[in-house]
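Below sits a lone chain in structure tokens, taken as the form predicted on its own.
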């Protein structure tokens, strides 16, 4: 659905995107992640035809973004981070107006407007002026606008910004449902949502693609994919020396417990090795009182931090 080859974008001598290449297959929900200023919003604007690329080639559904921009825009629903809305129009009026601009057939306009209002839970405010709506409802109007012409590809830049937890969950469920019939490129800072929603993740940093993989595989990059949490009653120095002596242990991080003599240790092992049994044997041999020994899986947030921080 999306093919990007050596895409670069320069603003007044500053290279915001530096020769990136990636693809998104039809039917995928792909999370596009990166710190502020990494180039993800710029990339999404270029994909949507809002900005011309400085260099490189981009095709969407087989059409070139530069040479066949009209055909590309027919197939894209784009929701920018700051949703542009006509705040003096009512929700119904705005969605009908946008459907007409996007060349939705006259006989289908009413059906499409009703469909997106239902999907985005806008029925209760359909006759209200957009300027009187909360930010959460304005986000929903922007999402409805992106979908009103039933595009093959949805490009969503921070679709849940400004929403409360219940609204975020509703949008997450909506995106998963839309993924059954649409290809979706999604940018968000809520990484737990990406883990629950996306088939694959692209990480961009300083204008370059740092990783492209499933959320599960990216978490394996974090010190073997997780750690062992150990809580025992023993001196910190003794715990560190005895546990680090184990062959398959790479590092031990100690933190004090709020309960007096108890000590909490986070143990990192070699990739793919479960050292809980070895740790338990050390605890038993030294007669330490044991309160917790458990495996903690790495999160996408930890992988993101390792990929984007120096």
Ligand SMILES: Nc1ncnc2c1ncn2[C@@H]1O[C@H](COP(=O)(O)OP(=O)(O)O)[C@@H](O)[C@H]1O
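Worth saying up front: this structure is predicted, and the values here are computed from it rather than measured. Numbering follows the first chain given and starts at 1.
Beyond the structure shown, there is the form predicted together with the ligand, which is absent from this document and is the topic of what follows.
Looking at residue 35, you'd find a heavy atom of it within 4.5 angstroms of the ligand in the model of the complex. Of the heavy atoms in residue 42, some are within 4.5 Å of the ligand in the model of the complex. Taking the partner from the other structure, the ligand in the model of the complex has a heavy atom within 4.5 Å of a heavy atom of residue 16.
Picking from 283 to 291, 21 to 29, 6 to 14, 296 to 304 the stretch near the ligand in the model of the complex, with a 4.5 Å limit on heavy atoms, gives 6 to 14.
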